[in-house]
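One chain follows as structure tokens, the form predicted on its own.
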Amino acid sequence: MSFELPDWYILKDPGDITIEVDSWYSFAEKRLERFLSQDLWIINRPTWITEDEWFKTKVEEIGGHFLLRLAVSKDPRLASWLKEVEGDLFEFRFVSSSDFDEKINVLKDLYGEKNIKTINTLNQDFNFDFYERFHLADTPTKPSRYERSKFGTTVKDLDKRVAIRFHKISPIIAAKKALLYQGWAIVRLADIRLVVKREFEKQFISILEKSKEIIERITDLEETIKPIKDKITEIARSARVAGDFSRLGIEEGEAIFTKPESYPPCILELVRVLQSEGHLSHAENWQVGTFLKRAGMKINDQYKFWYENSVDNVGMTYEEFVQRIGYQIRHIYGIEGGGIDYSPPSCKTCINAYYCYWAHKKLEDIVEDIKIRFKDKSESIIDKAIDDISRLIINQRFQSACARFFTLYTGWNVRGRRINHMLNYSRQAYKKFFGKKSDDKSDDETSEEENINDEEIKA
């Protein structure tokens, strides 16, 4: 490797470091406490700290992370939780690093050194000035409210550009946020931060497989890490949606799945694609299946739903379909596999790894959908909503775009101005259109005054 990775990059090879087993628990517990308190911290050596003190800090960082990895490696649900919190920490550190070269080196490690170039290097390779030829400028633009509120200050590095082999960042190419030149995509760091985080999480999951091999090879180790695994299990369980919609304020037995009016845009879009094309990706199948389960659809109804809409049933009887293809559905309900009662992914997870209508559909198609769906509303209301939603999407504030759409659709405002989970969207939409009306308010008054208490739910 011809470049040096920063100490805050947790996928960095730690080198020759010995960690006392007795210290593992304190290191892991401290890391867990920080994750729970959302204490995103960056690790860079202050000028006043000694080499020995800094080495101890790095050992604590590496030791805590390593033990958490071991603890979750054999449980997919716990692994998903750790991937999410480590991904958030990575994104914070990547954005907050004050050294542009550190960001470049991390990109080289994630995507391969030959697939990353600075614009200056690209200028030298092609013997002309990309800045001048394509009228590029690295002058910082006004930051979005998201960038200011989440990370406190504007990081000018995010406005700088980097060149990446185009096939490495296909979602950015599809969104037309890159300048293409002979196989290279020239992009702003601000525009690729989410796909970089997604790549980090992808490689993190791959590394978890190595942790699993260690556990299986050293049989006594599983008992050693059990206290930490039990703690993580408790944390993950408390963050999940238990049972069905009853916890969300909807009576048990109400068939939410029979009311498409309450579906969030992501699920409506996926169901539309499934019914018209007969096929979704594996992740999208999982997203729809877990949502329908939580929306009250029983397993036999799911069998029928997929049999009627999926091309996987070609040439099969219903009984053959249930026997041969139904494993995935039974897995969702915890009947097969690890016996886990799965919930649908959070909005943040959908943006990064599943399907988000606002993050993954073309803006011009979204605008057209809104015009068609709300053609009976006044032109001024539609134009204002389209302007607001377009601006939010361009600034990558996809959850806020969903909240703005919800307000257009229902007339209710979303407290916090963002949707955090598709179940919260459906809960409130169901209340709006099918819930019991208060005797003290007319429908119009309820529409004007009601606010969503949009608590975050993590799958």
Partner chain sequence: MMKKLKPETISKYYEDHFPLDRFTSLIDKTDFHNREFGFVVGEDRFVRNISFHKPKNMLDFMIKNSVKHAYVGAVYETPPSKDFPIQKIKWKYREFIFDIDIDEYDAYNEDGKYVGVRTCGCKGDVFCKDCWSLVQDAAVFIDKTMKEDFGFKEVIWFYSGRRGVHAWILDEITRNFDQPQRLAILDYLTFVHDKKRTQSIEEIPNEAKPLRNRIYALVAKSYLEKSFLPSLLNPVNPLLQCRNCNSKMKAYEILSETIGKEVKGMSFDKIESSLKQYQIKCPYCHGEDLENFSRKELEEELERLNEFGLTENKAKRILRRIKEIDNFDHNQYNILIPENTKLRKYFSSQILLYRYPRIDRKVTMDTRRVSRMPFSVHGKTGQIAIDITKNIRDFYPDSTPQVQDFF
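Keep in mind the model is a prediction, meaning the values are calculated, not measured. Positions refer to the first chain, counted from 1.
The form predicted in complex with its partner chain is left out here; the points below concern that form.
With its partner chain omitted here, the record of contacts in the predicted bound form names 392-400 of 49-57, 422-430, 63-71, 392-400, defined by a heavy atom within 4.5 Å. Contact annotation: of the candidates Leu122, Val322, Ile267, Ala178, the single residue with a non-hydrogen atom within 4.5 angstroms of its partner chain in the predicted bound form is Ala178. Glu364 is the sole member of Glu216, Glu364, Glu209, Glu308 with a non-hydrogen atom lying within 4.5 angstroms of its partner chain in the predicted bound form.
Each of Arg161, Ala174 and Asp387 places at least one heavy atom within 4.5 Å of its partner chain in the predicted bound form. Remark: Arg93 does not count among the residues lining its partner chain in the predicted bound form, judged by a heavy atom distance of 4.5 Å or less.
Taking the partner from elsewhere, Lys226 is found to have every heavy atom lying beyond 4.5 Å of its partner chain in the predicted bound form. The closest non-hydrogen atom of Gln275 lies beyond 4.5 Å of its partner chain in the predicted bound form.
Among residues of the shown chain, Tyr318 is not one whose heavy atoms approach its partner chain to within 4.5 Å in the predicted bound form. Compared with the form shown here, the Cα atoms of Lys202 and Ile267 move at least 3 Å farther apart in the predicted bound form. Shown here is a form in which the CA atoms of Ala175 and Tyr409 lie at least 3 Å closer together than they do in the predicted bound form.
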